[in-house]
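First, one chain by itself: the form predicted alone, in structure tokens.
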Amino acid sequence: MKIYIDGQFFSEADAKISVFDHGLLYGDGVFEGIRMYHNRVFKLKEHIERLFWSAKALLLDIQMTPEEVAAATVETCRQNGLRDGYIRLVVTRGKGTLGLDPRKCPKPSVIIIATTIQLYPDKTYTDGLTIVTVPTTRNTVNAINPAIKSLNYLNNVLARIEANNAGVEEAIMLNSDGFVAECTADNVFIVQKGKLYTPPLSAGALYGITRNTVLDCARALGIPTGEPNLSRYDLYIADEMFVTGTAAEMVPVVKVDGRAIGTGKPGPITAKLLAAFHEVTKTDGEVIFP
């Protein structure tokens, strides 16, 4: 495996960052998870745009243009001979002092890892997930805004620990008002009477690239969509439910907090949207090997 760090490629054994990097010391940095499908880096422009939005919110100067970051991402895929897989693009604040002050970090580090991934077993996509609601509340917008895809993921990690303790693979996080925000690593969708709903970004949901793609697919299929506040009650009485994320793609959910969703099996609208999503992955994105 060849890993990109600040303009150079290193073997996995030689890919290193400083122990004084503020990304390590304080979670000061941003990242993107990106997928490759069919020799294309899927939604690369959208991911790079979100990366720069997150960096701007942190006053983190990447010191590369979006075009340069995109080119480095594609080249990392080429260096590893990958046409399908997963990319982790990370920008840290860089090496500094042991104090918090980001001004003591003169140069950020850009790290790109291209590899393969399978977040859930194949059976999960056919049989569906069982998930639970956890006590850990999603970060509020006036604390660590969930819109910032930062390296500080302890809020999600704590919720994932609670999911592990419950013996399930994913967990629903509520916001401070008790409405559904998102899962630990995925956006949440439900289907009710033929309509598709997902929590609004203001509820604490991440501006998900896969989330947006699924909404586009739904509109193309003539499926009405909405982004209202959703309570756990709305999930319990849903006809269908699924979660979306770059690594997860689209995963049906068949049980929440012990309640079967709909028939207790993945539903037909979920299947239609998944098929439509897979079609989009065949044509969208930057070509890796011309």
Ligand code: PXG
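For every residue, the number given is its place in the sequence shown, counted from 1. All values derive from a computational prediction rather than experimental measurement.
Beyond the structure shown, there is the form predicted in complex with the named molecule, which is absent from this document and is the topic of what follows.
Of the heavy atoms in G245, some are within 4.5 Å of the named molecule in the predicted complex. At least one heavy atom of R88 is located within 4.5 Å of the named molecule in the predicted complex. In the predicted complex, T184 approaches the named molecule with a heavy atom inside 4.5 Å.
In the predicted complex, K95 stays away from the named molecule, with no heavy atom inside 4.5 Å. Partner contact region in the predicted complex: 146 to 154, out of 125 to 133, 194 to 202, 69 to 77, 146 to 154, criterion any non-hydrogen atom within 4.5 Å of the named molecule. A single residue from the set Y26, F31, W53, Y236 has any heavy atom within 4.5 angstroms of the named molecule in the predicted complex; that residue is F31. A single residue from the set V141, V168, L158, L119 has any heavy atom within 4.5 angstroms of the named molecule in the predicted complex; that residue is L119.
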